[in-house]
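We give structure tokens for two forms of one protein chain below, kept apart as structure 1 and structure 2.
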Structure 1
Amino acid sequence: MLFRQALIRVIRIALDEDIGPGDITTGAALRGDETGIARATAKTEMVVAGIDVFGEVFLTLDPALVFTARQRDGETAGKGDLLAEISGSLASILTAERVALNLFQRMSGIATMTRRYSDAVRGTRAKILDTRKTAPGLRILDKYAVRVGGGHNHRFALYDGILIKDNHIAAAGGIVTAVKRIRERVPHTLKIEIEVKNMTELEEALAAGADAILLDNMGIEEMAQAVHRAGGKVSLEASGNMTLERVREVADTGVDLISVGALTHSVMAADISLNVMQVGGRTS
């Protein structure tokens, strides 16, 4: 589901950061040939996301470990539910544990929060979107977790989507020039989205032929007005201060998309524990 080469690169950087020349506690306290099994358990209710990433960390450190997922991404796990098991060298399991949990807890935290937003807008036409406000280096995982939680992805980066903000318009000397240049220069596979702050700018964006329009920090009433004006001809994206408390009200205005930076810039890690039990004395 994720491009494996990109995933392995993230995992290698993370393992390297945490292990460097070696795990001195595990390396010194154990003989090295102890084997066992570890169980990952949910300590609160959560939407599971990144269970394969979790397993991949252990296998990247030690391909001889055996990883078995007990839940799938997107499932809701309750407090105490078994999520996954890892068996093999205890030293390997203990050394990989923290990196594996750091990624898994972040991803499940993102999915869990996204699910709350998706649930809040259920029944409306609005989709919950992420943004580029992700943890640097982890975007591929952050955005995947949003999808698992029922959200949708906005553009991945600066290279795969066009979003003309007020700064671009100012620098270009007007919306008409900006859009004209973009039409001339960018691949035909890309739509053009324009950020607007009020109804006047909305009119300009419509006139310029925008495919989508981002309503930046508008009030509920103004958003409703924008929906009415646009009449379904372009996608409307609401953005700015989209809290869980407020999101339903926004969705009810009829906007198509609601982008929520907090999904990835202010993640609350899901609580997952790993318990290890020794079962044997020598790795195969």
Structure 2
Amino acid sequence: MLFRQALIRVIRIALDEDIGPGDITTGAALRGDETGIARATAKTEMVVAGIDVFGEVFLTLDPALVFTARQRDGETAGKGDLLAEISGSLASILTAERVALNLFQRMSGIATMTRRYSDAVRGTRAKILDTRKTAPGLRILDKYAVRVGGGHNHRFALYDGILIKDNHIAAAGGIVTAVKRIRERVPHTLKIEIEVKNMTELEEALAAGADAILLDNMGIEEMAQAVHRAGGKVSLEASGNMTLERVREVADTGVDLISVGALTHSVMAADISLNVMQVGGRTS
């Protein structure tokens, strides 16, 4: 229910941004009573994510449209595969087209990249995580797409997880002070994760009683050393400069989690086309 409410809010804002007082081109080019069918197809191999979001955009603009999904989230579609069909008022289809594609292409692009990272670490203990580096206003969709692609969500926002980063440490006056203050002020049920840059800070975090430690931009050898030193007592997350080329090597160090900001902040949208395939008569 909460997801749907958030989704409708995102869609309405996006439609209002794109349409404003009206779609001038469609309004001038069409009589307004034309009906037809449009088909969405994949132009390259992709992991489908957001197929229902795609449909919801059209139905939010015009509930009289008929949307039929031909793929499901999580499925792999090949080049030329039919993804969905929309039938009804062509004016409505054309007006909603760009917003619908923007969201669908972004979500499928995130899921596709996440699947590649997840496949790259298969057989290791490491899980692929997202970050808060999402598009403003689209976080709920970005993080859903990561799950569809086989990844896992880090904290959703500032309010649902504790991550003491370098600036918190500097502002508080050190790791020990930051942890002490947090333990005094938050419920004991919340885990405390601390970002460290080197082995010295790792020792401080362990001594302070961290529940999890983020290894920020460490080299492979230092990460392996950190895994050995922690000895499985706390969860270790590797972060910083994570690419497909090196993620397997990072996973092989024995870290538990690997966070990849590029899943959402540098996503390449999936290539999807929407074409009017059939034009019918007038609406009744």
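Only the largest set of C-alpha atoms that superpose within 1.5 Å between the two forms is called the rigid core. Note that this is a predicted model, so its numbers are computed, not measured. Structure 1's sequence is the ruler for residue numbers, which start at 1.
- Where the criterion is the form predicted in complex with another copy of the chain, structure 1 meets it and its counterpart does not.
- After superposing the rigid core, the Cα of Gly78 is displaced by less than 2 Å between the two structures.
- Core-based superposition between the two structures puts the Cα shift at Thr189 at 3.1 Å.
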